[in-house]
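Let's start with one chain on its own, the form predicted alone, as structure tokens.
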């Protein structure tokens, strides 16, 4: 398997619709989890009175999650198909874990939406689809799951497909381009092999659909953008910022600029996995040394880019936000913390420019007095200290953010336009 063909896959959907079981089943069917491990999980699940949870246990390997039977954190698992190496970003379905869902989806190229046949479109199905759209996921594969519970009834399957298509139309997803699959993650129907239980189903298996996903174009043609996670001092080398390259390529000898700290210099060394390399590409986690840069010159949240095309620093920016949960209402002047790439900056919502229908994106009201949970809006935002952020239309990797206050994620959004400082 070459490193070239890689996909980050988010698995999304309402709680208890079988996401973790689906992921565990995929890992098992592709040989990424050996049979004896599944057997072990099976015994443990039965001891806890959760028979049938063995596939879910593959993903939910945190003890707390096993006791509750709920996915909390994002677990990263990898599996290979004939076409791709997949990294699964398992996204929790519970509402209070939406922050993880945001960070999970913003790393994903494509997503599998799991919808239970017996339950259909549920509140979080709607929310996850809308968030996926907001955060730039283009292709959704829909697994209509738990077909075993509805006795593989074709009419039940068609009903769910029709409801999901309606939801896609509201959110602006291409319903015709979406792939729908009748599955039972629990029994393994149509995951890797076509099932005799669904003779009426003529579409691909889940693995076939994953193999057919379009290849994500690596963001190498965009300018270099590398958000800094930490800055170290290493004896014999000096100051070493570390971070993950989101877009573009970093070469030894490049002249780079760090924003908003506004310092720069020449890249002397690039290190990856404790080895020196000449260049690094999107997705690479690197440590690097820049001539003339001291430890106090730069900090976490800075973004490194080419000196001749430096990262954008916003005086203000307009953004499309979705309010997920807020105890009261949000008005102009509200100043929560915005989490964008590695930066965390308090930002003031200067104005609420328009309220939109969260499902269709159409304008409902110009300059509303306030927005509240469930609303989508376009707002103008002023960072309280310098923040490097990019329009999501130009560099999507640096154009999405989560808004946190009172210890919870209250909104998510993407940057439409930046008014440069």
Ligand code: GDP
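It should be emphasised that the depicted structure is a prediction, and the values quoted were computed from it without experimental measurement. Residue numbers count along the first chain shown, from 1. In this text, rigid core is short for the largest set of C-alphas that superpose within 1.5 Å between two forms.
Just so it is clear, the following notes concern the form predicted together with ligand GDP, a form of the same protein that is not shown.
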query: Thinking of ligand GDP in the model of the complex, which stretch from 142-150, 282-290, 267-275, 199-207 has heavy atoms inside 4.5 Å of it?
result: 142-150
query: in the model of the complex, does residue 185 have a heavy atom within 4.5 Å of ligand GDP?
result: yes
- request: Please check if residue 16 has a heavy atom lying within 4.5 Å of any heavy atom of ligand GDP in the model of the complex.
  value: yes
field: 4.5 Å heavy atom contact, residue 400 to ligand GDP in the model of the complex
entry: no
field: Heavy atom of residue 20 within 4.5 Å of ligand GDP in the model of the complex
entry: yes
task: For the stretch 297-313, return the residues whose heavy atoms include at least one within 4.5 Å of ligand GDP in the model of the complex, in the order they occur.
output: none
- prompt: By the 2 angstroms cut-off, has the C-alpha of residue 405 moved between the shown form and the other one once the rigid core is superposed?
  reply: no
